[in-house]
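Shown next as structure tokens: one chain only, the form predicted on its own.
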Amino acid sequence: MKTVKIILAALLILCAAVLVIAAESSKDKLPGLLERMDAQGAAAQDTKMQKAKDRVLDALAEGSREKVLRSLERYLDGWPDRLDTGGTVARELFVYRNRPSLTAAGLFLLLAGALLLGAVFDRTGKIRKAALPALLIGLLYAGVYILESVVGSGTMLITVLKKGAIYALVAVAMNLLNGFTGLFSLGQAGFMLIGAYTFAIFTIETQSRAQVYQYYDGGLVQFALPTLAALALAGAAAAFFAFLIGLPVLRLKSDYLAIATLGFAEIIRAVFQYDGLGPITNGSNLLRKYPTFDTVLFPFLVAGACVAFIALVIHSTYGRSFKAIRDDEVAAEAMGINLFRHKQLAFVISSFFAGVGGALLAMYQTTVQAAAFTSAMTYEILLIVVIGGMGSLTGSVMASFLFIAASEWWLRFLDNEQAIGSFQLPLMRSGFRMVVFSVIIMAVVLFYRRGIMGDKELSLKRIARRLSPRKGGGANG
């Protein structure tokens, strides 16, 4: 059996290598492929055909894969009888068109082969235990990447996935504070604003600063940081402000803490629009021309890594202390837990990841303005946490995607006038979508008072237990 597993792992790794090498080697083969398709030189004798061919090459020079594929399809569909698209050319065309999907599939097979090989030689059993979750995570990321390459990055589905991943991170960060530590904070939008502005300020290219800070002589900051360093700095800036603000406000409880943190969020929004800070924040003007992400994989990877870290914190001794404070502060203090220190730690960690989420939101929106980070944004995130379940990480993640999909995609048709024959449906007009969405939220809260997941987590064991047939219940006699 061991030999069979080793052979299977080797085959998986070999297939992965073939897929990845074939996919990546096709990246620069399109110009030569176009020449082989038109071996008879038909494009040189037909002006329209030559222009269509040139459009493919121009799109290739621009570096836009979607534009290249659109131009290539028009070229192939326009002159199918003059182009040779059979045999080797057909295979190479298939590989070029599906390069991202083949690369993702190859990397997934490589992960599967490596896990299988590791499990064969694992004596402790740790690799075997982690193999299935790791395989499912790899399948998720590969599936998302393949989905994006198939449907296109500009579709509504991919847009929902991008924003859902960002809101999932911010909701989990808020759940760490509200759900696991029992601190009712409403300052999430303020920390997201700090993260968004910090990221944008320190990543705008030097040559673009004069244009962005046109009213402030190019601004005060005259250098640009790498994207990942700026993301970490965005979180650190939010955590620093949280540390300072936490010194006085964390001595408050319940509604008083919520009002204090909400007040901070409103104050910081006004401060960042103050003209005196214009050389840094650009006043009330937009910040733009900073790095953004083109693929849904980037926010998924960043959000996934951050959520995994928060999960590790929750399952550590610090996480158990947070839960003890939430359940009973008096009992927690009696057990030797320093209440203020642990509250401040939870507040700082939550704010750090809120800052990272704000930076990701800035990348998603491509522009930043303080006026967008209103208290309504905090209420949306709080609503996601409540719907998912206070004290459930997986609940917050699932609720984030459901919230974004329902509010921005699935119910969009309600904003347009609809008619069945000559009968005009009533109420179907701009704004009706949010009315229906509010009713749905009320129904969910009424029927799931502890949220979708309550304080439970989604796990493979729980799913298997639900799917397995119950024992007993057989007929007597």
Partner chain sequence: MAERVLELDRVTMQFGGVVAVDSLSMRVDRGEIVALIGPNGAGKTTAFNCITGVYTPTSGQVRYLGNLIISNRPQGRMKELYAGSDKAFPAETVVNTPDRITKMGIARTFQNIRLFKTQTVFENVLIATHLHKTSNLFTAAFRLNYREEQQMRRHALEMLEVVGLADLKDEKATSLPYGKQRRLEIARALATKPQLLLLDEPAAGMNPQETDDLGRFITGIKNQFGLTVFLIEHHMDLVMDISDRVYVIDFGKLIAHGVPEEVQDNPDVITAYLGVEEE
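Quick caveat: nothing in here was measured; it's all calculated off a predicted structure. Positions refer to the first chain, counted from 1.
This next part talks about the form predicted together with its partner chain, which is not shown.
- Each of T317, K323 and E333 is positioned with at least one heavy atom within 4.5 Å of its partner chain in the predicted bound form.
- Comment: 325-333 is the region of 277-285, 325-333, 82-90, 104-112 lying near its partner chain in the predicted bound form, near meaning a non-hydrogen atom within 4.5 Å.
- Under a 4.5 angstroms non-hydrogen atom cutoff, its partner chain in the predicted bound form has N338 among its neighbouring residues.
- Interface membership of F94, defined by any non-hydrogen atom within 4.5 Å of its partner chain in the predicted bound form, is ruled out.
- For F121, no non-hydrogen atom is located within 4.5 Å of its partner chain in the predicted bound form, even though that partner is not displayed.
- Taking the partner from elsewhere, K289 is found to have every heavy atom lying beyond 4.5 Å of its partner chain in the predicted bound form.
- This chain is displayed alone, yet in the predicted bound form one of F223, F243, F309, Y215 has a heavy atom within 4.5 Å of its partner chain; that residue is F309.
- Residue-level contacts in the predicted bound form: of M398, L297, L233, V313, one residue has a heavy atom within 4.5 Å of its partner chain, and it is V313.
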